[in-house]
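One chain comes next, on its own, written out as structure tokens in the form predicted alone.
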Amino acid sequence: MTDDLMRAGSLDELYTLLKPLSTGPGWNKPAPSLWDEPRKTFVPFRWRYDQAKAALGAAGRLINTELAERRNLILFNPVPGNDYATTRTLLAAYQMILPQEKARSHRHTPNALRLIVDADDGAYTVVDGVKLMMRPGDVLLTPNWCWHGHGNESPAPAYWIDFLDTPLIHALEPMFFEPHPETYEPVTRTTTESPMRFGWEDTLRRLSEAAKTPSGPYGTQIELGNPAMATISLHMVLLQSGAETAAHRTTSNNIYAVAQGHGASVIDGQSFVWSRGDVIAVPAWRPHSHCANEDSVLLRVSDEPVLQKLDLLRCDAG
């Protein structure tokens, strides 16, 4: 083969000889490997909580926690070939647990968190043995390799939105998963005060005390954690009624979940109306802005920490 390569009498002959070697000529690539700005691969999209809640209600009748470790609905970006990721690096999913149910404990390398949408007193998650009560508006963390499971001791179903960096872990490949050896992790204590829980009441207090920037790129926002996890940053965004945020674009992928209120977002020229519990995907480098019809609060989930570490975070006016 080496001699054949050396004797190649034309480029076509050389290309033919290179192909079985899994080698390609860099000067004759079928598609460019470098381009002048991020491509538009994933698309903006909005998922409605009322539709997800109806589907989860049906799932509650049709599947139990013995058959499904988690009763959840994956919010996959509607682009060809994709049936999992919400944005390139992040995943969102709606999840529900019925009264008196328990979801088995496990741990995995993807970082995860959840925004509680509807839950009565008695819904909880357990993180590394600590039982954390779930209340609407709360954000709960289950970082990389922490044991976690869920339960519901209340008389009503509990609903929340999960966020994970699983697509990023898939790309990097350090995926590990382990079920708990005792099925349900033993509880060592119960609390509402934990670095794994950001309570709704504290979020509202911090937003009320924050300097108001209604027309800034993200309205008035506060950060949960610094950052919350190594690959995921979390911000609560206050959108004041009638104020429009500045259109901007960023190399980070953002997913917004509506904790309170209703309004609309314009993403790359498309308008998406939203209300409490809805989820909105804003892929990287898509200009976007928000306008609320009443004072509203959105959770912004982003891969900014990854881009900051790699010196790849850029943001400019849209």
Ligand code: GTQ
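Note that the structure is a prediction, hence the values are computed from the model and not measured. Residue positions are given as counts along the sequence shown, with the first one as 1.
If you look for the form predicted together with the named molecule, you will not find it shown, but the lines that follow are about it.
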Next on the checklist: Against the named molecule in the model of the complex, would D162 count as a contact residue? Criterion: heavy atoms within 4.5 Å.
Outcome noted: yes
Checklist entry - Looking in the model of the complex, any heavy atom of R197 within 4.5 Å of the named molecule? => result no
Next on the checklist: Using a 4.5 angstroms cut-off on non-hydrogen atoms, would L239 count as touching the named molecule in the model of the complex?
Outcome noted: no
Next on the checklist: Residue-level contact is defined here as any heavy atom of the residue lying within 4.5 Å of the named molecule in the model of the complex; does A93 satisfy this criterion?
Outcome noted: yes
Checklist entry - R70, H108 and R114: each with a heavy atom within 4.5 Å of the named molecule in the model of the complex? => result yes
Checklist entry - Just one of 115-123, 207-215, 143-151, 229-237 has heavy atoms within 4.5 Å of the named molecule in the model of the complex; which? => result 143-151
